[in-house]
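What follows is a single chain, given as structure tokens, in the form predicted on its own.
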Amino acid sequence: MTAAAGSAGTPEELDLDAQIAAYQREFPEVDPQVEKVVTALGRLNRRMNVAYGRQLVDLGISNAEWEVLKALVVVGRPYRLGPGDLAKRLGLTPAAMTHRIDRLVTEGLVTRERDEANRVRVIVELTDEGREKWLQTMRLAAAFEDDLLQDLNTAERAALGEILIRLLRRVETSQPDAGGRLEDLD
């Protein structure tokens, strides 16, 4: 497929209709409605990830660190989990989890202490600074998401949410192991 050259001489992405037309040209059996939906979802996901990544950089944390903070907040007060539990929740190896925890401890966003009830066990706990970093990130994400959905009224937002959940459930049912990392496919 040929794409127009960008200002820096790099190829630009085809617009959605042109991409679907190319698919239809090369694979006439393709359903253009299906392709429009899945291609738009893929592009939206990619662009949202870029936007969130930029916000995280502005706050001085990585996406990997954000995932750990988020996992600790989701469990609720006192925001504590063992490293093994964190690794399972994030689909990581224990070694990868240890590396993330090391960085977060150094940054003062979590603590790592021996469990007083079981001295063999280690507990990772969100610090006040870690919770504040999580809140800062959530504020930026909420503003971005409000802007993203500004053209949809309340009923349209609700309908879109329900439709996307149905699609998600379909994938979760047909691909139960698809919640892992892309590295799992290598």
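One rule holds for the numbers: they count along the sequence shown, beginning at 1. Computed from a predicted model, the values in this text were never measured in an experiment.
This protein has a second form, the form predicted in complex with the DNA, left out of what is shown; the following refers to that one.
Among residues of the shown chain, Ala143 is not one whose heavy atoms approach the DNA to within 4.5 Å in the predicted bound form. For the chain shown alone, Thr106 is not a contact residue for the DNA in the predicted bound form, no non-hydrogen atom being within 4.5 angstroms. Taking the partner from the other structure, the DNA in the predicted bound form has a heavy atom within 4.5 Å of a heavy atom of Val122. Among residues of the shown chain, Thr111 is not one whose heavy atoms approach the DNA to within 4.5 Å in the predicted bound form. Only one of Leu160, Ala40, Leu59, Ala64 lies close to the DNA in the predicted bound form, with a heavy atom inside 4.5 Å, and it is Ala64. For the options Asn118, Gln150, Asn45, Thr154, the one in contact with the DNA in the predicted bound form, meaning a heavy atom within 4.5 Å, is Asn118. At a distance of at most 4.5 angstroms from the DNA in the predicted bound form, all three residues Gly84, Leu92 and Thr98 contribute at least one non-hydrogen atom.
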